Every structure is written in C-alpha cells, then in structure tokens.
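Okay, so we've got the same protein chain twice, two forms, each given alone as structure tokens, structure 1 and structure 2.
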Structure 1
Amino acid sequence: MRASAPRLASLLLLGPLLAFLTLVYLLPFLGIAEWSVTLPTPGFGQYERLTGDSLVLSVFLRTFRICAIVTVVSVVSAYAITYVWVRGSRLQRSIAELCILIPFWISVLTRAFGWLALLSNRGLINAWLMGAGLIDSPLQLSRNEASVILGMTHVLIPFAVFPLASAMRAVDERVLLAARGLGASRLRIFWSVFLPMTASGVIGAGLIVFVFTLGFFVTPAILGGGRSIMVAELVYLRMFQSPDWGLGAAVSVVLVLIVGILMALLFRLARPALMGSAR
C-alpha cells in the first residue's frame, strides 16, 4: 500500500497530459483511420489503391529519397557543428551556438521565403550572375528538388545538433587521453574511439531528422512549386483540393504508422544519447 501511493500520485500527475494527448492526437487520428476504411465505400479499397496508384507510389518514393538525402546532409553538417560547439575554443563555441540558436528564432515560413528570394528566377543569385555577365538568362535554381533539399536541410540541422551534443558530452575524456597516450594520431582517435562512442547520437539525430522530414509541408510547397510533391502535400491536395478524402486518410494512416515505427527504433537504439541531456 505504501508503494502504490507514489505510483497513484504519478498517474494523477500524468492524467492531464494523457487527456490532452487523447483529445488532440488520438481521437482525431481514430477519425482519420475511420475515414480511410469508410470513404467513399466501406472496406480497404483505399489501401489497395496505395499499392496500385503510380502517382501515390512515386510521391512516396520521392519523399523517402528526399528524406534520406536531407538526413545524411543534415547529420554530417550537424556533426561538424556540434564537434566545434562541444570541443572547440570559447570563441568557436560562441559562434557555433549562434549558428545553432538563431535558426530557431526564425519561422520555417520566413526561411522558405528567404531561400525563394535568393533562388528564384528574379532572385538575388540570378541577378548577381546576370549583372556580372556570367549568364544571359536566369538559372532554374528554385521550383525543383534540389531547392527543396537545401531549404529542408537548413531547417533541420539544429534538430540534429542536440542528440549529437548529448552523445559527445557523454564521452569520457580519460578514454581519449588513454588513446593519445598509447600513440594514436588525432585522426585515429576520432575514427576508432570518438566516432563509435557517439554512434547512438548519430542514430538518434538521423531518426529525428528523418521523421521530421517525412511530415514537412511548407518548405516543399514553397520551394518545390508543385514539382516536388511530398507525402504531406499529397494529403493536403487530396483533402482540400479534391473530394478524395478516403485516399488522403489512408495516406495519413500509413504515414503515421511509418513515423511510429521510426520513433520506436529511435527510443530503442538512441535512448542513451537522448537521455544524456537529462543527466
């Protein structure tokens, strides 16, 4: 009875959070799941369409391809920035901290329009190149997949920094000193000791970026210009610009299931790095 009292108090404290999540996330998701098997007719016809509709399959393949590229570029870039932030000099740490935090203060929408101002046909880069006489006509720098990847990477690099920072700060400095004392070079220490000890952070950062990328809507819609549609934009088009709510709901359910599987992997494989900040 004595042990059950703290447990009951914990459940009571979690009660408002659980009620909020149920009201805001679980109930709407159950409604969407119901639409996927009832609209326009009851059954699993919408899920069969997912496997046979070439447009939907191409959107999923494009989304996974963009997610993979953005994840690799973001994690590699974030690893270098985090290394400087954690192990650099005081000045280097201050500069890296500004580079990490400033993007958080600017909205995703503003950053997307900022890239559009740079990359559009009448943007600054084309204006500079034409003014310098290097090109005769504007280059197609926006409204394509490359501009989508660039804009999404810019947004997501800071999200990869924090799990990497937790993993790097958890590295025991005495292990690195021991490796150095045994005659290992800096490159050998990094490759054979430091990088393996931060692998959980790399996995965690990669999964976080990949999950965020799956649900991106604003940046692909603005920088892609309808030519690089991703899954989230496909759901929007099916729900709000065509009466195909059943297919949009089925795509949403599949997307949530994929995100759920990735989140389960995240907590299983990268839990030490994610919990490092709490220690």
Structure 2
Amino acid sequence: MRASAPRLASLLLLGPLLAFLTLVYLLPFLGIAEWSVTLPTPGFGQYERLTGDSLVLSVFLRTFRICAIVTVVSVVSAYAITYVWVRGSRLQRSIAELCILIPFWISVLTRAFGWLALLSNRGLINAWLMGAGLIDSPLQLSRNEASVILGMTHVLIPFAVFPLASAMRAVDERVLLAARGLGASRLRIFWSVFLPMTASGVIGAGLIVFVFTLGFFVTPAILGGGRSIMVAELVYLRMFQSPDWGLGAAVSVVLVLIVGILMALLFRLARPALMGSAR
C-alpha cells in the first residue's frame, strides 16, 4: 500500500495532461496523417503531387527561400542585441530585455498590423516621404515578399535570442581576459574567441528560427496580401477554399517531418547550449 502511493500520485499528476493532449491533439493528428494516403483515393498520389505539381513545388521553394533569408537576418540581428543583453551594463541589460520581451509577448497579428501601419500606401513611411516632398505618389511598400520577410524577421528575432543568450552566458570570462592579456584587439577577441565559442548557440538559434518560419501563417497572409503564398497559406487555401483535404494533409505531414528532423538535429548539435539554459 505504501509503496504504491507514489505511483498513484505520479499517475494522477502526469496523467491528466497527457490524456488530454493524446485525445485532443495526437490522435486527431494521426487521423489527418491517414487522410494524406487515403483521400481522395488510397495511395501516395498526394505526395507525388508535392514534387510533381509545379504550383505546389514553387510554393515550397518560395517558402524555403524566404525561410533561409529570414533565418540569417534574424540570427545576425539577434546576436547583436543578445550580446548587449548578456554582457551590457545594468541599464543596457534592462533596456535590451524590454526591447526583446515586449515584442515577444505581443501577438503576431498586432505586429503584422504595425508593419502595415508603417508600410501601407497611407502608412507612416509614405506619409513622411510625401510630406517631405521626396515622392509624389505612395510607394508600394507592403503586400510583397520584402514586407513578408521584414514582418517575419521581426517576429522571430526574440526566438533566436534565447538559445544565443544561453550560449553566451556559458562563455568563461577568463578565456576572454586571457586573449586580451595576450594582446588581441576587441575585434580579434570577438572573431577568433567569442564567436567560435558561441557557435552552438548560433546553430541552435538558426534551427529554431527556421522551424518557426516554416509554418507561419498570419504574417505572410497579411503582409504578403495573397501574392507571395507560403506553405502554411497553401494549406489554409486547400482546406477551406477548394476542399482538397488530401493535399492539405500531405503538406502537413511533410511539414511535421521536416520540423522533426530539424529538431533532432538541434538536440544533437546544440546540446551544450540547451543544457546551459537549464542551469
């Protein structure tokens, strides 16, 4: 009786959430995965369409291209602000922290709308340029691929900050002091010592950002204005505008597979950085 009490307690504590997620999330996902090989006809036809259908293929290629650009820009930008957040003076750290966390907790919808307020035809930038007499008619700044990249980068910089911060916190200050003692310049210390020592954080941040970009829906839908459709929007359109559930399901399965592979890589490559965050 006494021995079984902890087992019962652990079941009562762990059970509810696991049961809930299994019922509401895991089993329905398997159901959808099944559709990808049964709708409209049994077989792997939908997966062949992913590589054969030129429209679907072009959407995938555009998504990968945008994701790659967003990943590089986000990680580089995040590196700069994380550096100040981790190594700055007390005041610099507080300012950096607020600049990172406030956007992080504000909805992607509000942030996409903010970009629209800046970039749309009657938005701030066009209003300023016209007010200054630099242009006569508004520039088309939104509803294109560049604005999608801008908006997504804005969303993802904070996500890149966290793995970078734990990698930077793990750097031993004495190594940097030694480099300085040996006469290395600031730039040299950064380039040959600090950057290589935080490389695992850079890889981790890159993988996380790339994973998050893949399934992005709201930002591209608002800022792209239906012109540069990405994978997530393709799923939405195929599910709701033209009932093509088999393809939507197949795209979902492929997305989850890609994300799964990238996450496995992340755990393998960036283990030190992730372990650092647990401390």
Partner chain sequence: MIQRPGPIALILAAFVAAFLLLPLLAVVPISFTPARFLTMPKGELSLIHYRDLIDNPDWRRSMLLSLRIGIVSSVVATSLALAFGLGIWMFQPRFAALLVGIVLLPMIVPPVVSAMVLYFFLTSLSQINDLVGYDTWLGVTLAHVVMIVPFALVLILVALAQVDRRIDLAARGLGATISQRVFGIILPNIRFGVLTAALMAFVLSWEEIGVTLFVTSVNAITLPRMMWMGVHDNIDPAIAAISVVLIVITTLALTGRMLLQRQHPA
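C-alpha atoms forming the largest set that superposes within 1.5 Å between two forms make up the rigid core. Numbering runs along the sequence of structure 1, starting at 1. Owing to the predicted nature of the structure, the values given are computational and were not obtained by experimental measurement.
Chain form predicted together with its partner chain, by structure number: Structure 2.
message: For residue 260, does the CA position differ by 2 Å or more between structure 1 and structure 2 when the superposition is done on the rigid core?
response: Superposed on the core, residue 260 moves its C-alpha less than 2 Å between structure 1 and structure 2.
field: Angstrom displacement of the CA atom of residue 12 between structure 1 and structure 2, core fixed
entry: Reported C-alpha shift between structure 1 and structure 2: 7.6 Å at residue 12.
- prompt: residue 23: how big is its Cα shift between structure 1 and structure 2, in Å, with the core superposed?
  reply: Spelling it out: core superposed, C-alpha of residue 23 shifted, distance 2.8 Å.
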